[in-house]
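What follows is one chain in structure tokens, specifically the form predicted alone.
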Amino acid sequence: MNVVIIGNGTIGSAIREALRRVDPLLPVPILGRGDTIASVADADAVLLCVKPHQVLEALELLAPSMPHGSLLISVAAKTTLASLRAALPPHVGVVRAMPNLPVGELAGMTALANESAPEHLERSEAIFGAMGRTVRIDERLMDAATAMNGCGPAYVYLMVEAWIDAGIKLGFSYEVARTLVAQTMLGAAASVLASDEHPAALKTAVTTPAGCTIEGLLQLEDGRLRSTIVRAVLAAAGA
């Protein structure tokens, strides 16, 4: 599949890095302002990785060169499928995607939306599935996906930073504390994905009676961590 990326910002660069890690021989041109848009003429899929206010300008340049049967995948937030379709010829498919930055580590999470063409979703899954996991959602939930997985790594990084600080306070070096925290976070996430158990049940398995884990959990509950996380995601979603 010939893939062209429009936009050389953070997410566009992360996606290109991911695709190169999957196949080092795969040519993945990334076009910024001033590059020739004619380069999309042989593309099977064009990933539009620009800011929302730049979308219409980019589509005006792209539309004449998009080949028949090609697919435009937009990662721009708050840009509807209807507005994308209106700016492109009818022979071009359209999908909305909301990936996050861990795609660059092949551990990303991408939400995909297109409510009329499953074959376009399948092509998008082939691309983003190589960089992590994908889910299909209704377009009405794309803003919520932005808050959940698009913004999500920042929430995790903040928690990791605080957790590392605790390790340093306990006497570990930064390097050791970082490894302890990051691998613990990675392992816990793997357990959630591998198990049908609710996270509450997994938490109970770690929490022995009168042990140290329950002491830590009580502190987190007293600090309203649970409600703070919920409110943070709702705020990011504009809910």
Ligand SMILES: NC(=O)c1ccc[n+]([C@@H]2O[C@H](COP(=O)([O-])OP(=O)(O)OC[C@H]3O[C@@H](n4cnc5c(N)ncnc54)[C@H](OP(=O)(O)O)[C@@H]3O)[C@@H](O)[C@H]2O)c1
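Numbers follow the displayed sequence, beginning with 1. Predicted model only: the values in this text are computed from it and were never measured.
Here the subject shifts to the form predicted in complex with the ligand, a form of this protein not shown in this document.
- With the partner omitted here, the residue from 127, 142, 75, 72 that has a non-hydrogen atom within 4.5 angstroms of the ligand in the predicted bound form is 75.
- Contact annotation: of the candidates 137, 121, 81, 101, the single residue with a non-hydrogen atom within 4.5 angstroms of the ligand in the predicted bound form is 101.
- Contact annotation: residue 228 falls outside 4.5 Å of the ligand in the predicted bound form, judged by heavy atom distances.
- Among residues of the shown chain, residue 2 is not one whose heavy atoms approach the ligand to within 4.5 Å in the predicted bound form.
- Contact check for residue 65: no non-hydrogen atom falls within 4.5 Å of the ligand in the predicted bound form.
- In the predicted bound form, residue 219 stays away from the ligand, with no heavy atom inside 4.5 Å.
- Looking at 51-59, 208-216, 195-203, 171-179, the stretch with residues near the ligand in the predicted bound form, meaning non-hydrogen atoms within 4.5 angstroms, turns out to be 51-59.
- Taking the ligand as positioned in the predicted bound form, the residues of 1-25 that bring a heavy atom within 4.5 Å of it are, in sequence order, 6, 7, 8, 9, 10, 11, 12.
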